[in-house]
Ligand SMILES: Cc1cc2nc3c(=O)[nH]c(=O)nc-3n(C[C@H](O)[C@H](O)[C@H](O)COP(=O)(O)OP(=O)(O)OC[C@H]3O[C@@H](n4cnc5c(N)ncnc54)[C@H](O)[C@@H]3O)c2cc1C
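Taking the form predicted on its own, here's one chain by itself in structure tokens.
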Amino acid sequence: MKILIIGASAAGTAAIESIRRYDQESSIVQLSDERHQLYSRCLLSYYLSDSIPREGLQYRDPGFHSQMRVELHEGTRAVHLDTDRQCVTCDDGSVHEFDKLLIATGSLAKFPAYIPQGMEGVNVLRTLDDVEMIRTNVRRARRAVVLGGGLIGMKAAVALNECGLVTSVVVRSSRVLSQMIDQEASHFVTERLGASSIEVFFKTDITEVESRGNTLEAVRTDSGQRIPCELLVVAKGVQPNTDLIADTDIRKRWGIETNAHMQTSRENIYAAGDVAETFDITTGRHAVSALWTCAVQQGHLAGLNMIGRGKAYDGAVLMNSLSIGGIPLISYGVTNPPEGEGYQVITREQGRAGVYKKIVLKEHRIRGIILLGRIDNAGVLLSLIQRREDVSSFEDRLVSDQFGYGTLVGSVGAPDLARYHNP
């Protein structure tokens, strides 16, 4: 069987490992539009701030592809998919046939039309090449602006601040991390940013970019401010890279639609990772889960299903983590529940200790979590979400510092405790 994998990050790598665990005979060809060894995008901001060396980004041995007997084509972008002839054409003119195809093309950084691309000093933080460009600009810069208050924006701001740059963040909404946490936790994060001398401009957007020649000098905002800077990082989120299926009958909404076996509307074509739309456990709807952990799970299952070892995907749980000023922050699922839809919220706040916990419940099942300052029980809480456990017998203890595996022993019995390890 000919297996073709487009994309060489988390989902594509996981698929290869799953296939080769059981199938040593099928040929595997992988296309990557990058020319780097396998690296973790999650760690890019730490490399930017020199918290880890470049080699610390690598998550597989350099000989991975040869060990897995994979024919890897680097610096090659798939540009056309013919679903009937079952082949993919690349930008270098090469054509690759397949019996089974996995689309793991990931996502693309959003770039506002009013900001000029290609200007020296204007960057996004998405790939290793992006970070290398930012690191080059950091050497000549004193001031940086980050556009966007989401997770990537916060990671970029913290990293640039640690590089010694005077850093400002421009946020269109009234708070940072609005898709990840609630108002209370956001307020704490903003305070920590301020303590690190990172200035945040809320309810503000950039309207103009000033330059000398083709080199960035400042940005102007819709509130009339001029912020001098030599570096601008655009962090306005990502969107699924669905260009390859534009001229096909493969169904998509926001991302490529998939079923529980990661199949698209074409049964021999699969999708996984940031480009795929899958079931979300916490909301009960289908959505794109642009997270490394979800990409690994989906790629693993796609690989198994491509070789006929059918296994269904239970669904994704949106999860994010961040450290601000040394304070850890984790969130899962629905953190800002809509009113009037039967959600129950349990919170605990210890302002002086820098601790905030929030559990969102519906029908006695956990649908969302925020843990700030103390994250010891994050694993067991995630397990409860993934297994859709009824927590009514101990939900009053979920935000307690004493809550943990011991609580579950008393509530569900010691024989069941193993279910909550290694979700």
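The first residue of the sequence shown is number 1, and the count goes up from there. Just so we're clear, the structure is a prediction, and the values are computed from it rather than from any experiment.
Below: the form predicted together with the named molecule, not depicted.
Select from the listed residues 329, 145, 317, 104 the one whose heavy atoms reach within 4.5 Å of the named molecule in the model of the complex.
It is 104.
Answer with one of 398, 44, 382, 355: the residue that has a non-hydrogen atom within 4.5 Å of the named molecule in the model of the complex.
Looking at the other structure, the residue within range turns out to be 44.
Where does the named molecule sit in the model of the complex: which of 137-145, 112-120, 150-158, 174-182, heavy atoms within 4.5 Å?
Flagged stretch: 150-158.
Hey, in the model of the complex, is residue 293 touching the named molecule, heavy atoms inside 4.5 Å?
It does: once the named molecule is placed as it appears in the model of the complex, residue 293 has a heavy atom within 4.5 Å of it.
Check residue 303 for me: does it contact the named molecule in the model of the complex (non-hydrogen atoms, 4.5 angstroms)?
No.
Answer for residue 50 alone: is it within 4.5 Å of the named molecule in the model of the complex, judged on heavy atom distances?
No, residue 50 sits far enough from the named molecule in the model of the complex that none of its heavy atoms falls within 4.5 Å.
Taking the named molecule as it sits in the model of the complex, is residue 78 near enough to touch it, meaning that at least one heavy atom pair lies within 4.5 angstroms?
Yes, contact at 4.5 Å.
Even though the chain is shown alone, can you say which residues of 121-150 have a heavy atom within 4.5 Å of the named molecule in the model of the complex?
Residues within 4.5 Å: 125, 126.
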